[in-house]
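Quick heads-up: it's one chain on its own, the form predicted alone, in structure tokens.
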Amino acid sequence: MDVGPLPQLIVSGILTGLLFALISVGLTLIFGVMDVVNFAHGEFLMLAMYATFGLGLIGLNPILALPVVVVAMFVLGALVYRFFVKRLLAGPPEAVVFGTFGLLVFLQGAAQFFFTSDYRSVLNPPFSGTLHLGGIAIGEAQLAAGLGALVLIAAIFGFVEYTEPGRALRALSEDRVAAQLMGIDVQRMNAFAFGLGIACTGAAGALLMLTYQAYPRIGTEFALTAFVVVALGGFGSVHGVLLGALLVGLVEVLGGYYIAPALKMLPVYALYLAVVFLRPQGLLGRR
């Protein structure tokens, strides 16, 4: 039965938006706790995709590689904070901007040097079929990536809301001075928040390898969309990230179909500008 293109586009947009949300939630966690915008966020995503590709060479598909990549990226994020970002925070506010942008350039150049510009995809992906539901065709890989992202976002939300470390993170985001007076180790929680944010890119990178290929500049492309998502939803808001990501996913897919694939981001940026003018703090953000 032919149901027309719209239901198909909506499903595709939602699944795409869920992946955007997983990428963006790490960015908003780091900003919410540390008040730091990590311009190298996309490059950590790129590293996670290459790590997933490398694990695929020894027989681990992206789903099996996901926990390994998440743990490795968490450790990497905590170390980057300890030996790099922490030092930048001791300087003027501009130091973090220029420092993380410099890290972006370094990681992208290193990937270009070691992996060249070739596109890398996993061998023997675990999902290659297509599901047909009521006239809507859904790729198994896209469905697995979207549902995996949804489960992980729910887990992150539950962790932040209902666990002791999560409450400490929320206390820091509300009032750092009060959190210190309550005995919270700010530096330790900063490292934890940065590691958790980078671990989110690790999970997203593993899931993206189900449907995408790794190359040195892919992180920049996704990072730009992540910044739009976070700005739409509101910096520091996990709920806002999910809402913003779903909107961006839907608008991008619909724009690519009804306008032109090359101009699919045009309505996304138009939506972003409208929100910035009408509600600068984002849809669910606070002033």
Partner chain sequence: MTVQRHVAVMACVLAATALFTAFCHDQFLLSLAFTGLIFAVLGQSWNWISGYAGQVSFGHALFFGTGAYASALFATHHGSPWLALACGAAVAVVLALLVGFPCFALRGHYFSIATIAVAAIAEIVVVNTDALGKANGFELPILPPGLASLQFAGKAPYVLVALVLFAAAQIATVALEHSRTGYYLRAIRANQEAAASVGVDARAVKVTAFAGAAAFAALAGSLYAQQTLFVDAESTLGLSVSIAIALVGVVGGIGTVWGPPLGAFVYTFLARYVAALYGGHGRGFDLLLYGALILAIVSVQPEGIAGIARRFRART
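This structure is a prediction, so every number in the text was calculated from the model and none was measured. Numbering follows the first chain given and starts at 1.
There is another form of the same protein, the form predicted in complex with its partner chain; it is not shown, and what comes next is about it.
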query	finding
Contact flag, residue 5 vs its partner chain in the predicted complex, heavy atom cut 4.5 Å	no
Partner proximity in the predicted complex: residue 220 to its partner chain, non-hydrogen atom cutoff 4.5 Å	yes
Close approach of residue 125 to its partner chain in the predicted complex, 4.5 Å, heavy atom	no
4.5 Å heavy atom contact, residue 33 to its partner chain in the predicted complex	no
Single option in 165, 135, 102, 158 placed near its partner chain in the predicted complex, where near means a heavy atom within 4.5 Å	102
Option touching its partner chain, based on a heavy atom within 4.5 Å in the predicted complex, out of 56, 42, 234, 249	234
Location of its partner chain contact in the predicted complex, chosen stretch of 204-212, 104-112, 148-156, 180-188 [non-hydrogen atom, 4.5 Å]	104-112
All of 95, 98 and 266 with a heavy atom within 4.5 Å of its partner chain in the predicted complex	yes
Within 260-283, the residues that have a heavy atom no more than 4.5 Å from its partner chain in the predicted complex	262, 263, 265, 266, 269, 270, 272, 273, 276, 277, 280, 281, 282
